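Listed next as structure tokens is one chain, alone, in the form predicted alone.
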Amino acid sequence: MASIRLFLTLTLISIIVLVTFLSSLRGYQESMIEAERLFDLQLLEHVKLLSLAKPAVTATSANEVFEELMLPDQGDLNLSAEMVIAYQIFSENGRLLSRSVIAPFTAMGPFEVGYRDVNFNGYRWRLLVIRDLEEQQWLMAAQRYDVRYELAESVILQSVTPTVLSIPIAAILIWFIVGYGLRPISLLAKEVRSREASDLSRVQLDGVPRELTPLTQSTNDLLRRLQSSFSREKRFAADAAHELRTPISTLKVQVHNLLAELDRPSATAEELRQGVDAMGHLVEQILVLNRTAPDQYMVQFLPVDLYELVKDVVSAEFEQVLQREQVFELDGSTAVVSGDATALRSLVQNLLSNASKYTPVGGAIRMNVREVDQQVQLVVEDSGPGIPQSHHERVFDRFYRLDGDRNASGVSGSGLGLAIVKHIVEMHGGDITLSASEALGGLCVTIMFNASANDSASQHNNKVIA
């Protein structure tokens, strides 16, 4: 059932058509029976008029009498009494005294009183025979059956036609009435659809129909359970931030002190330091991933100059680039996007960190921020080994790492960097693609954001090389 509204409309119209057809059929049958009775009564009136006429009545005068008994309006039939009524007057001994123009010279039926069906002149006729004892005459009057049916059907169809023509009007009215009746469902869907991912408050609608109350209650119950579940996750994130960061920080201090006490630190001690650093980095990445979930905090996007934000991140993280003697280039201009500055900062930090880690010593990193066709484009390129195209989708999975630490960079990874980047991009309604860098030969990450409608800043081209 693709549409409740369409289903209800078609069902109701089908029922109306079926009931109308059955009632019209029954009405037609009853009307035809009633029409037969009325025509028989009309035929009797004709015969009574004949009994009042003199034996010497002419065909013309009799036809004038019959004309007075015809129906006032016969539509397109244009039939006169001469065409639909045939009469004969016979003496007691069976001699023809008078007849109408269309009546035969022989008796139209047997000399027996009553109604009967007869055939003559190529038609089926309804015949009435009466014996006039006072005048010693036989009176016969006949009416064609085809004319009877045409008259009856024309009257019946005139009454049925408005009913049939009203069905399309009824369909239109039912369509709008059903739509109005289903309006509360649309309002409920609109209310739920218009909410932010973090808004799990109760759904409150005025004048909810009795049939929709269980659905509203079920929706509110689901929202309550989700709110409870997310609250537990928030508490877990807060507890993890405290309970994990504190011992890891202590471990780092102890490892630093241990290395300082040793004249010649062993390889085991150095591996211990790297392991603690990797553990700290993993915990931080997990917490960042948790904090940037739309269902974990209120997303209040504001205009953010992405170019200035990238410059700030580069200034804060530039020591890592210098340690590896890498050439860094930032090119771009003012480009304002609507987003969360903290999340966007985490995105740029991860991109820069990945580019620096997997670019060899003395390699090159290039970042570019600019507006392209009403969108803001962020491009990060490096001269590292890149990522094979067959793995472009997999690298966005959490904890997925391409062949482990394949570049022997000496810096352990968590497998969460690109997963966090894609998550933040999707949260801002952007798109991210991976490709090979034509200029540097390594990986090229291209991110497209929607430009902020509030961007009124002037455009200034800037270029930073280090």
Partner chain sequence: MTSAVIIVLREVLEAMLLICMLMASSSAMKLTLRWLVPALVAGLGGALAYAVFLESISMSFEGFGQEIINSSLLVATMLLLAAHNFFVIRYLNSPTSIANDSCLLVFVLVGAAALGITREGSEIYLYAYSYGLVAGDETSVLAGGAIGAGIGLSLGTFIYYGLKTLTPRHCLVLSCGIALIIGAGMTSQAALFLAQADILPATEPLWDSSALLRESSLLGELLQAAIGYEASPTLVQISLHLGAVLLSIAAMVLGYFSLAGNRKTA
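For clarity, every value in this text was computed on a predicted model and none was experimentally measured. Positions refer to the first chain, counted from 1.
What follows is about the form predicted in complex with the partner chain, which we do not show.
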- Task: Give a yes or no for residue 118: in the model of the complex, does one of its heavy atoms lie within 4.5 Å of a heavy atom belonging to the partner chain?
- Result: no
- Determine whether any heavy atom of residue 301 comes within 4.5 Å of a heavy atom of the partner chain in the model of the complex, and answer yes or no. no
- 4.5 angstroms heavy atom contact with the partner chain in the model of the complex for residue 11: yes
- Query: So in the model of the complex, does residue 433 come within 4.5 Å of the partner chain, heavy atom to heavy atom?
  - Reply: no
- Which of these residues, 164, 203, 177, 341, gets a heavy atom within 4.5 Å of the partner chain in the model of the complex? 164
- Counting only heavy atoms and a 4.5 Å cut-off, does the partner chain in the model of the complex sit next to every one of 17, 29 and 153? yes
- Work out which of the listed stretches, 216-224, 156-164, 384-392, 352-360, brings a heavy atom within 4.5 angstroms of the partner chain in the model of the complex. 156-164
